[in-house]
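What follows is one chain in structure tokens, specifically the form predicted alone.
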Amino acid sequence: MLHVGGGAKIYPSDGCGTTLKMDPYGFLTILTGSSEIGQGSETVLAMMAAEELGIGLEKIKVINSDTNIKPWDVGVHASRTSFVAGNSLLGAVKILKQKLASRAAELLNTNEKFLQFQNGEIKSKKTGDSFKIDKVVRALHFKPPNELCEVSYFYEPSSKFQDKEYKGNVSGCYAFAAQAVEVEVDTFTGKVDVLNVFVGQDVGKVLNPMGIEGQIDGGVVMGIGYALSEEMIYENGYLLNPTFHDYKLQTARDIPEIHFYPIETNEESGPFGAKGMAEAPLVPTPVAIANAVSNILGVEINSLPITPEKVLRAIYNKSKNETA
């Protein structure tokens, strides 16, 4: 499978804005256009800022829910947040570091190129002298030209609209993956059980190992539901199964062992070499399950979900054809 890994150009702008504010005590506030819907974007953006500025996560706050103050972002889609919002954040961090380094170089009587940000300090690699980052911020505030430690940046990915022939470059980068599944089919009841799912996926550089495992597991489980049980049934325009009693979601008892093998590459256009990966694991799962069931039964099943009724019908039709 391949999937977009850096947004998708479906609007005039697929970019994201970031505003950073650092207060006189060295606490950083990230105002990001990106939206947190449970995917962990607040955590990964805070991790990026902490890495670049050399401060602890406990000193970083992310605000992304107040549309009165947050910058523009097109929304959560196309596995774009870590890539697009991450690049926007790093662009803003670069400007902030330049502002802090300029004043720190004056305080340390050194050249900016010798400065490094670590452990809450700005340190001269040449002399070993350092100032805590909060003291540098106060020096920005209280000494002429009396600047606020506040910067903004907007990032627009390199993606382009498709042309009339549907050719283009709709994403800033692309993700690739393959999956293998082990299934068991009860030929008496038609029930399909997924025993193991093996996921190999190009994720760029892993930013948050725990977060990426959660995204992979979630995508695979969605794919299993799509393959085996989830179906919206309409009749004369009416949805016949509008509740979770009739719309069959996978439960904890249905989840197989998921074996994830991240393939780390270096995406040059991505933050720290990362690319989007969250939707991608959903793509191969239902196809792999359908192939596995078809392989067991010796007959092709090419409609989803693969319900017990469809399995039993396939077995019956195969038997009927063989005896005809």
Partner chain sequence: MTKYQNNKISYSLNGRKMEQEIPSSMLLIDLIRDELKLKGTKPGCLEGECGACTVLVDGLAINSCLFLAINIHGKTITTIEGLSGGEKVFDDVQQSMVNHGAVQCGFCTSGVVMAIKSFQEQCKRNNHKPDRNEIKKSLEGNICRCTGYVKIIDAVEALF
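Numbering follows the first chain given and starts at 1. Keep in mind it's a predicted model, so treat the numbers as computed, not measured.
Absent from the display: the form predicted in complex with its partner chain. The rest refers to it.
In the predicted complex, does each of 10, 51 and 94 have a heavy atom within 4.5 Å of its partner chain? No: no residue has a heavy atom within 4.5 Å of the partner.
Just one of 112, 156, 213, 147 has a heavy atom within 4.5 Å of its partner chain in the predicted complex. Which one? In short, 213.
Would you mind picking the one in 151, 178, 105, 222 that has a heavy atom within 4.5 Å of its partner chain in the predicted complex? Exactly one listed residue reaches within 4.5 Å, namely 222.
Can you pick the stretch from 36-44, 288-296, 56-64, 22-30 whose heavy atoms fall within 4.5 Å of its partner chain in the predicted complex? It is the stretch 36-44.
Would you classify residue 230 as touching its partner chain in the predicted complex, given a 4.5 Å non-hydrogen atom cut-off? Yes, residue 230 sits close enough to its partner chain in the predicted complex that at least one of its heavy atoms falls within 4.5 Å.
Can you work out whether residue 236 and its partner chain are in contact in the predicted complex, taking contact to mean some heavy atom pair no more than 4.5 Å apart? The answer is no: residue 236 has no heavy atom within 4.5 Å of its partner chain.
With heavy atoms only and a cut-off of 4.5 Å, decide whether residue 164 touches its partner chain in the predicted complex. Judged by the heavy-atom cut-off of 4.5 Å, residue 164 is well away from its partner chain in the predicted complex.
Although its partner chain is absent from this view, report whether residue 142 comes within 4.5 Å of it in the predicted complex, heavy atoms only. Taking the distances in the predicted complex, the answer for residue 142 is no, it never comes within 4.5 Å of its partner chain.
For the heavy atom contacts within 4.5 Å of its partner chain in the predicted complex, list the residues of 217-245 involved, in sequence order. Read in sequence order, the residues that approach its partner chain (within 4.5 Å, in the predicted complex) are 217, 218, 221, 222, 230, 243, 244, 245.
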